[in-house]
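The chain below stands alone and is given in structure tokens; this is the form predicted alone.
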Amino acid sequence: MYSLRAYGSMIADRIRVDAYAEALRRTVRQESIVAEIGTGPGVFAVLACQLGAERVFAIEPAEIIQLAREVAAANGCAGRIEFFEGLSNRVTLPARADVILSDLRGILPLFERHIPAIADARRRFLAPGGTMIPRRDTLWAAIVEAPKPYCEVVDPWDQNPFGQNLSPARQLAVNNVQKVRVSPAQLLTGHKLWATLDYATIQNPDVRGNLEWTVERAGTGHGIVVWFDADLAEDVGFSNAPGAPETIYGSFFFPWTQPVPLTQGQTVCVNLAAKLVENEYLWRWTTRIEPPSGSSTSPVDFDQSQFAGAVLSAAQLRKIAADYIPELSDEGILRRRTFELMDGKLSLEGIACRLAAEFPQRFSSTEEALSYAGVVSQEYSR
């Protein structure tokens, strides 16, 4: 969940905010019903009211929704905004919306369960002929010369002060992605279209595509950079492309295992894939760099993925094997018993008394058990 400071940074990003505001101005009418997925502090929900929306449904799973209620009241909009505290796929709206607004991106639109949430909202919330904001996101990629962010990845392991061999850690580090800001001058190739996410039709959250570039200038390739162009409404949008006005998003950097000297005319091929696993994306990027024309050297191949960059112990890997037979730990038994006691009959204080009595090795007092039960209640109770 975002901090209040993070929400403040989003609101201060005028490129983003002004684009969304203009998209709302072009779509909201006096009789409109607007639904916002992920309302945060409620700024766009209030703006929809100020633009004349008849009703606004503001959906937000995090506690920031209480601030959104206060913001709505402070701006005289409390009577027209209905707040729904929860994930959008667990919410039922009282009417279909003429406009569905969302900004569920991270650095890229492939972020957590953004696409499943949009597909579900389009199916259950959108009125016939309604409008989605954004309409689509287009994702682009290029080969980049980025020594500074690359060194931030590898230098702690390549140049440690004790002269130790930390290559196992380096191998993990180059299989992870990071946010960067690069200039157009750092691109060694033109940009290629990787994917278009059309929110009027999209269903599958997974994206895979092959990319091929011809190197346009000599330099050292450090990996791939990916960015998006957001299409919010007709002639309204913004981008986190290299050289575009700076936004909160930055671009996504996929480092190579090693820097590679590149000459003009060389061919670089990449298969880039993003797969949604539970609530997070798992990225894989496979690269082949053909030798310069006339050279007798072999192609350079890299096969990288976030799975290869994960720090996993053998014991933890064993627990996700298909043939593993799981048995609840002591903590699991405690959690199960807490769920059993949350049957709609006992207060939290009553549950805490029972837990303290049944698990004296875990709780030294009823107050400690009450704190534990309260955390479980916040996450799982209705």
Ligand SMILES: C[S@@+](CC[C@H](N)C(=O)[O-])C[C@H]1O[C@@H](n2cnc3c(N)ncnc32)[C@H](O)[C@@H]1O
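Bear in mind that the values here come from a model prediction, so they are computed numbers and not experimental data. One rule holds for the numbers: they count along the sequence shown, beginning at 1.
Omitted from view is the form predicted together with this ligand, to which the following refers.
Q: Taking Tyr2, Pro61 and Ser88 together, does each of them reach this ligand in the predicted complex with some heavy atom inside 4.5 Å?
A: So, yes: the whole triplet contacts this ligand.
Q: Does Phe57 reach this ligand in the predicted complex, with heavy atoms at most 4.5 Å apart?
A: Heavy-atom contact with this ligand at 4.5 Å: absent for Phe57.
Q: My question is simply whether Glu290 lines the interface with this ligand in the predicted complex - judged by any non-hydrogen atom within 4.5 Å.
A: Output for Glu290 is no: heavy atoms all beyond 4.5 Å of this ligand.
Q: With the partner left out here, check for me: in the predicted complex, does some heavy atom of Met10 sit within 4.5 Å of this ligand?
A: Residue-level check for Met10: yes, a contact with this ligand.
Q: Please determine whether Leu126 contacts this ligand in the predicted complex, using a 4.5 Å cut-off between heavy atoms.
A: No, Leu126 is distant from the partner.
Q: Find the only residue in Leu104, Leu166, Ala244, Leu282 having a heavy atom within 4.5 Å of this ligand in the predicted complex.
A: It is Leu104 that has a heavy atom within 4.5 Å of the partner.
Q: Given a 4.5 Å cut-off on heavy atoms, tell me which of 137-145, 235-243, 80-88, 153-161 is the interface stretch with this ligand in the predicted complex.
A: Of the options, only 80-88 has residues within 4.5 Å of the partner.
Q: Go through 12-40 residue by residue and record those having a heavy atom within 4.5 Å of this ligand in the predicted complex; state none if no residue qualifies.
A: Counting only heavy atoms within 4.5 Å of this ligand in the predicted complex, the contacting residues of 12-40 are Arg16, Glu36, Ile37, Gly38, Thr39, Gly40.
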